[in-house]
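Only one chain is shown below, in structure tokens, and it's the form predicted alone.
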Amino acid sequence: MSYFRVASLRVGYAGQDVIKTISLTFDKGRISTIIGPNGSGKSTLLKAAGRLLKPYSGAILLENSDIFAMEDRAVAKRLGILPQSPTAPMDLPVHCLVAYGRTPHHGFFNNFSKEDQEAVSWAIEATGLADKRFKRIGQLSGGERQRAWIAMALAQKPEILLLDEPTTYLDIHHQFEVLELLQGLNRDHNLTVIMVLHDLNLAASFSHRIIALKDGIMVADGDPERVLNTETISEVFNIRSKVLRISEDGISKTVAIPLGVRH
């Protein structure tokens, strides 16, 4: 039985297709990254997978159950989504933001249980924010703020975490900080991660699998070494590139170097 599946999905806005009949199967405990140019349908696909956008046709299946037919709280207990540029009051303390992640488990009006408290503390510890627990969101750096949002999603204790460009607006240090955090959560807790990234080299470094989209159609799907080649990069992004395979600490990595617009 497949774990998490996008089946013949058509989805868009105002009756216009953005995603044009895509099918994908996601294995449990893997990191999958969606790449593509602006307008290719990356965020739209993630919104549909996260139950934020209803398909025109096809289905999103979690262990063969259509997530749009499941109860809201049942889905939220198993699937967390972090959209682009989430917002919260700047005077909200970190632990309060993270506690919102427990809403699917206790509702809005019930008291926190011991399990809820333990989940919030675990999420704060797991994201390295223990010393920032009582800081206000507005007092955090960009990287710390992004980790706080990830902590909120983790407090749900989801099996699957969807993230739309989690490194946007972050400098290179904080980009690595966030992606190393996700990589560690995947490794240590078998968390299934599906995310959208713009940076091809970050996608190659932190993903088991890369899915390339263009104009709502899947162009390539596979491990980074298979997907990131000069032909695919040219087709998807309309640029010339040089792709290198390097070895670092005994680990082989794929590096894409853009050379210019293809004419």
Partner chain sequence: MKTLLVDPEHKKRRLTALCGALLLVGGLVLSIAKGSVDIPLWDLVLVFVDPDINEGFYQVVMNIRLPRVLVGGLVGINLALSGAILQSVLKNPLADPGIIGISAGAGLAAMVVMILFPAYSALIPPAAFIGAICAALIIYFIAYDGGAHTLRLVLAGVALSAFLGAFMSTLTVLYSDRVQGTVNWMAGALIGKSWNHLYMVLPYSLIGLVGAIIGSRYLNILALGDDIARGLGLPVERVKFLLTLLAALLAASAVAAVGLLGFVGLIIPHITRLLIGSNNRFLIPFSAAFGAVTVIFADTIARTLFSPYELPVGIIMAFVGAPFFLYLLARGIK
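Positions refer to the first chain, counted from 1. Source: prediction; values computed, not measured.
The form predicted in complex with its partner chain exists for this protein as well; it is not shown, and the discussion that follows is about that form.
Contact annotation: of the candidates D171, D91, D188, E115, the single residue with a non-hydrogen atom within 4.5 angstroms of its partner chain in the predicted bound form is D91.
Taking a 4.5 Å heavy atom cutoff to its partner chain in the predicted bound form, the contact residue among G184, P86, G142, G128 is P86. Not displayed here, its partner chain is kept clear of K214 by more than 4.5 Å at the level of heavy atoms in the predicted bound form.
Put simply, F176 is far from its partner chain in the predicted bound form: not one heavy atom of it is within 4.5 Å. Taking the partner from elsewhere, K47 is found to have a heavy atom lying within 4.5 Å of its partner chain in the predicted bound form. Among heavy atoms of P166, none comes within 4.5 Å of its partner chain in the predicted bound form.
Of all the residues from 145-165, those having a non-hydrogen atom no more than 4.5 Å from its partner chain in the predicted bound form are W149, M152, Q156.
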